[in-house]
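Alright, here's a single protein chain in two forms, structure 1 and structure 2, each given by itself as structure tokens.
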Structure 1
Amino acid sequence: MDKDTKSARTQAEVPRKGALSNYKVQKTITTITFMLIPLLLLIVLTYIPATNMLIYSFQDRTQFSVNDSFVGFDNYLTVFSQPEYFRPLLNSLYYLAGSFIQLSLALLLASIICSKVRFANIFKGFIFFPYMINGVAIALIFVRFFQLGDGFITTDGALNSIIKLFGGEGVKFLSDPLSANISLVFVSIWRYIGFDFVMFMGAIQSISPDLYEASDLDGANSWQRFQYIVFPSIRPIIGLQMILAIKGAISVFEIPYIMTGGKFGTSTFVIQTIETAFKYNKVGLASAMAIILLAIIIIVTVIQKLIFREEA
């Protein structure tokens, strides 16, 4: 930020005399030619839909939109008065808890890798790679992974095979609300932990080696070093990742959509929104749901800004 202002000042201070007005015109022309398409896209694909969404959320409206009528806050009332619509929002709590586990694990793994272990690159590669795998592929892998065979048509997936190997009894991981949600959160951690891990590694590695040396001379142990050097320097990253985690948790979609289709109490607010719009053709109601999600995200973001400002 402060670099910005500095360079802006320098620019203004350089006198261009005769050429100046010429460059002013050029600036305008450049601005128009460079910005026309991006701005058009921004308006057409973001601001018009967002405005429509707000309008639709007060209407009784379908995809065909033959005769839509103004219904005031009815759609919002429907969402809040019917547990079926807002209950999926509570499932976000599973994912929220999951993201904190994910962040802690990622931090642990990142600090271990950064503490001069052998084969660090290989470990790093393995831990990160799932992030590169296609989401549909991951969902399919884990549908099978969690499967409980019936002995006629299906056989046990990897997890139940292991459980039975140790003499346990098969578990229907995906057909019970609690275990299904936990399983889905596990998949989500499996998929995304590599990203957090790489972020933390980047942050830890950017810490000056002098600090480490100093701590070594002081005779600090690994934990002390983490506590006094690593943690303070990566705090901003942790803050950022936490906000991303919260936003991610309230807008979970892909994994449960493909793996369970929202059955057995695994629906999420976004799945509910999309199904309301495209499956049940209630565009008005779905718009209200999207607006509610947007409101939550804005609140979270504002809180984040406030906290960050306090820290700075």
Structure 2
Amino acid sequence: MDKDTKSARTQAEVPRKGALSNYKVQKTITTITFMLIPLLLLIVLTYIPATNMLIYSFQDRTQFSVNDSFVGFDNYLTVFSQPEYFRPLLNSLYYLAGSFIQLSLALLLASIICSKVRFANIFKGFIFFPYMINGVAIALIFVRFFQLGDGFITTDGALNSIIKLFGGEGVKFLSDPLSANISLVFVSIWRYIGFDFVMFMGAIQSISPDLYEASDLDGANSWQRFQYIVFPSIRPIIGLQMILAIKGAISVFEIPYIMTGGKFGTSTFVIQTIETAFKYNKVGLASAMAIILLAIIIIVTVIQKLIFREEA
């Protein structure tokens, strides 16, 4: 009787193992099938163009070139030896300074809103709303905002109208290199602070209330609570936002291109790269500039990761 029972159990387990094996095979096939198309698109639209760009950076070629010549590192030497190609990267320092102001303001606003102020939802909407507006629309709005009218065809923008209302003289905010870059950074901060604000607010709200209660029992003030509870808890988010902010500062394009066209000393490295490729028809040189920008972003990201890595 025991042998018959054991034999029956063995026969019952065989189909179960077979069914389990078939399930694993079907799961694997389904996973590969769903991943195949996105992976194919990623290879075709990202990896292959990136590889071609790397190859082009070592060539002397134009946009529709058929007789390409290998020039080695000459394109890279040209970028670093001729200031007109590398100087626009220095304008990123304006945006880099602005990104730290942006992060600080976003963290401050998030801390205030999370402290149970009245009409918090209204303030959240006002702060986040600029991030939802199209970048082209924002640029056109602020071109009009900073405009200095000639009194005949164009009128003064809102800012110059206010200045003249108080007896001041109109200012060409977008014509002088210093004021133009500061104005563009202001527009960038106004647009992107909402994204940082939402990220910080979500991170702060995820902190356990027990930690706040314990700090209240210990008599901690607001600064000590931020220093020892909030900042350590949201440190990974701060590191992530800093990486994104610095990356954006280095690769800024949309706002300065629309508002000034890169004129008056406001050109950025991305604008210069696009003009080199499509305006001056130097695709090989532009590819080298793009590779340099990619390398800078990778280096900055690695440094940020090392600085903000979590302690074991």
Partner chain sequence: MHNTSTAKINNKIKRSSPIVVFLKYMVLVCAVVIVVVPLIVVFLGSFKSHREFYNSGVFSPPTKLEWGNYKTAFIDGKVLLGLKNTIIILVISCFGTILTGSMTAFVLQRFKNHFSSTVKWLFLIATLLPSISMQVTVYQIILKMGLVDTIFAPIVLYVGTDIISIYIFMQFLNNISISLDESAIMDGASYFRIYFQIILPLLKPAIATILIIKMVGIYNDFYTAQLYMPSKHLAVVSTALYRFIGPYGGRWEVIFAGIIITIIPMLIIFLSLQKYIYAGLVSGSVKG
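The term rigid core refers to the maximal set of C-alpha atoms that superpose within 1.5 Å between the two forms. Bear in mind the structure is a predicted one, so any value in this text is a computation, not a measurement. Along the sequence of structure 1, residues get numbers from 1 upward.
Novice: Just verifying the output here: the form predicted in complex with its partner chain should be either structure 1 or structure 2. Which one is it?
Specialist: If we ask which form is the one predicted in complex with its partner chain, the answer is structure 1.
Novice: Determine, after fitting the two forms on their core, whether residue 214 shows a C-alpha shift of 2 Å or more between structure 1 and structure 2.
Specialist: Moves: yes, 2 Å or greater.
Novice: Would residue 27 count as moving between structure 1 and structure 2, using a Cα shift of 2 angstroms or more after superposing the core as the test?
Specialist: Residue 27 C-alpha, core-superposed: shift of 2 Å or more.
Novice: Given a superposition on the rigid core, I'd like a yes or no on whether residue 225 shifts its C-alpha by 2 Å or more between structure 1 and structure 2.
Specialist: Yes, residue 225 moves 2 Å or more.
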